[in-house]
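First structure 1, then structure 2: two forms of the same chain, each alone, as structure tokens.
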Structure 1
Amino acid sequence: MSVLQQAGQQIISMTAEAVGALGTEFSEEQVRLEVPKDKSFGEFSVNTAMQLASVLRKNPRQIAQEIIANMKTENTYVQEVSMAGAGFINFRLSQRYYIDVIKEIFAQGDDYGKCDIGKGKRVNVEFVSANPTGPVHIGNARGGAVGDVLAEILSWAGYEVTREFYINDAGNQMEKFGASLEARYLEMFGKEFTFPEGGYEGDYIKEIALEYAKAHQKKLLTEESETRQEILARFGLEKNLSEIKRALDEYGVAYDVWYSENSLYEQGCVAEAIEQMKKTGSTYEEDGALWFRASEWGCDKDFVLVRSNGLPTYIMPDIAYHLNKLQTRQFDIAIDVWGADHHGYVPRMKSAIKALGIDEDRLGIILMQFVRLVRQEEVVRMSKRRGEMITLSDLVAEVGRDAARFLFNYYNFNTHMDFDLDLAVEKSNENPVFYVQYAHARICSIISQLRATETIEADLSLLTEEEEIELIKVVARFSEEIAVAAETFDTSRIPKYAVEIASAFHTFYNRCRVRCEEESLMYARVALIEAVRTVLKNLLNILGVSAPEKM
């Protein structure tokens, strides 16, 4: 339990106890611990008196007074309890609390900020899963940044995390891919060809075809069209996948598992999943197709699982995939990071999961709102069909990995965001990522200049300035921030929290000199900023953003 949690728990206990002494039932779970908006009210507050007002039919202020009179603060971090406003009970902590926070940071170092709400549960986070028919485009960039950081947050929160990429290497799009490649291949040798309807028109298709032609020349001209397409598709898939891996690697995203959709077919998982769906008794045949009675499982409409031509629809291998994750591989939780255009897909997937007897809460779905790229105050238009798009590699080359990852996580996944390329590049000093990195570099610089004398044991009780206390108060919240971020899947809390710490540090820096007259105070302050450096570094690590010592 962190120092912060200990203090919080003490307040909860003493509050529940004090209410009990008044002759009223009030459990610890009912105590709502809050942080007052105005710091002059202290570190914590509870609104217990207001909660009890309607029950006791008394003025909340009077109730608050009675609760306070019964409070036992001996041997706790609480120094002072007071009543304010409509009946808030406010708590001020003793200095020992702040000292213990810094000691805790030193003791835990690179692990400071971790918590154990995950209790070792196994979580699978599947994200990006870009279509392997082409390069990773900008739309996937947000999902990549958020998915990767979410995975990291969950791991800090005590979950055992697997990062996974689902390769859509089966079905319709693979055929279109192969047909598109074939057309370009034939075109190259001056043969007759028809470009498939809805095929992939991007230049990279020509490049892949050219590459194959360079290596194998006219070899495929004598083949049947079907085998030709298959060979080209497989060749192109290999190419694209290695390019996708390269781009993601450059972006700082590394996967534990690359899961092939096609392998689900090959291993009979799709057929098996169809059987399982039938066994639920919620399927029926109509017009030669197999339908799932999703309307019985909380979905507005029924939908088709197997078409009348015998081929499964797109959702069938996906059901098999989730069955594989949640049943076969026994993950406790599976999280999917999807684009907002898939939101209609959520109730369908959940209804299937439910019908199969799996607790739907084990499936967490994050819907990523779209990103619009803005340049010169204008929205950059992209067309995947025409192959006009900005790739992840382009973005990283233009704004850098640090800025991209930080900014994508800076906004909650649920907000539509505009990514201003000019702002991210030209006015890079306005970018919050540099603000945080600057704070880190600044601390490193100070510490390196004082390194010779840093070994002396510091007297942390000398840290009494308002800016010093504020700084400690902020860094003390770390594990709490991780816990909330993990529970809400909200990665944006982390960069925002990092900015808050950087800001508290800069304020401190401008108000208090580290290298000051009194040596003992100097050591105490060195210890303080050393602790802050650890926290900033840990936060940047979680974000996958570098923590430079010089800028």
Structure 2
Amino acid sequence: MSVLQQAGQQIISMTAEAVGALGTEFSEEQVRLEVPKDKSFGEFSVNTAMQLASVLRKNPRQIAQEIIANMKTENTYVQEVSMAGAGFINFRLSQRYYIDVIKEIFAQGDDYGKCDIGKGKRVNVEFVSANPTGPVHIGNARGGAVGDVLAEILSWAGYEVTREFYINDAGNQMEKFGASLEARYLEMFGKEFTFPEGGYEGDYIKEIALEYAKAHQKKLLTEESETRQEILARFGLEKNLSEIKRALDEYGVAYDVWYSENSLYEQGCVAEAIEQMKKTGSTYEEDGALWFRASEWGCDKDFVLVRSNGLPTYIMPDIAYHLNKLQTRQFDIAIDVWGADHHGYVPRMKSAIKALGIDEDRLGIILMQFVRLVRQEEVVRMSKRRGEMITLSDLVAEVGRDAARFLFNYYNFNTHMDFDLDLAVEKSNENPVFYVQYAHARICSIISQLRATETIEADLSLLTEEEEIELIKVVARFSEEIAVAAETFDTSRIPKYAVEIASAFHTFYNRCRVRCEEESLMYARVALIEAVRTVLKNLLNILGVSAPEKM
């Protein structure tokens, strides 16, 4: 429990005990702890008096006064209790609280900010899962940043996290991939070919076919079309996966598991999932196809699981995959990071999970809105070589990994995003990633200059200026921010919190001289900014962004 949480719990306990002394039952769970908008009222407040007004049939202000009279603040962080307004009870914390926050940061160091709301539950976070028939594009870039940071937040919140990439190496898209490669391969040798309808037309298809032709020449010309397509698809898949892994590694994303869709068929998982769906009593046959009574489980209409030709529809392996995660591998929670175009897919997957007897709350789904790249207020395309798409590698080359990861998480995944390429590389306070990194570098510079004379243990009780107190208040919230971000899957809280700390630091620095004439105060302020540096570094590490010592 952090120092902030301890202070909050003390107030909750004292309030419940004080109400009990009035002869009224009131549990700690009923105490609503809030932060007053007006800082002059203190750090916390409760509206308990208003809650009890109808029960005690008294004016809330009178009730508040009686509660305050029974408050016991000994051995707590509370220095003063007062009443305001219609009966709010306000709490001001002692200097010891602020001292202990700084001491807590020094004691925990790289672990400061962690909490244990996850209780070691096993979570699988599946994200990006780009179609292996092509490069990682700009939409995947947002998913990569959000998924990776969410996994890290959950880890900091006490969950046991597995990062997973689902390889869509089965089904119709692989058939089109093989057919597209075959067409380009035959074209190179002047052979007659028919390009498949809806096939992949990007230059990268020509590049893969050319690479195979250089290595194996006319070897495949004598093969049957089906065999030729299969060989080319396998070759292309291996090449594309290698490129995907390289691009994601460059982006700072590393997976624990690369899970093959094809393995679900090879291991009989899809067939087993079909049988489990039948056993639920929620399927029926019509026109030779197997249907799921999805309308009975929250969907607007039923849908087909297995076609009349015996082949599973695209959703069936996905059901098998989620069964594998939640049932076979026994993850407590499975989180999918999908694009907004999967909106209609969510109720289908949720309904299937429910029908199979699995709590739908164990499946969390993030739907990311779309991204546009903008330069000088105009939508741009960066990839001239590939032409038809903007790749992750293009973006990282243009703005760098730090800016991409920070900015993709700075905006909530529920919002459409215009990624401003000019802003991303701008070295100004308008660029949030630069603003935060500059604060960290500035602190490092100050400490580097003063470290040689730092020989006296700091007297933290000297930190009484408003800007000093406000800075400590902000950094004290770290574990609370982690907990909320983990519970809501809102990764945007972390970069915004980092900006808030950087802002509080810059305000402090502009108004409170660190290198001051009073040596003991200087040491206290050095200790304060060292604590802030630790917090900023931890936040940037969560975001997968560097914490430079010089800018």
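Here, rigid core means the biggest group of C-alpha atoms that superpose within 1.5 Å across both forms. Just so we're on the same page, residue numbers count up from 1 along structure 1's sequence. The model shown is predicted, which means the values in this text are computed figures rather than measured ones.
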Legend entry - Selected structure - criterion: the form predicted on its own: 2
Inset, instruction - With both forms fitted on the core, give yes or no for whether the Cα of Glu66 moves by 2 angstroms or more between the two structures. - result: yes
Legend entry - Met50 C-alpha shift between the two structures of 2 Å or more, rigid core reference: yes
Legend entry - Post core alignment: Gln9 C-alpha displaced by 2 Å or more between the two structures: no
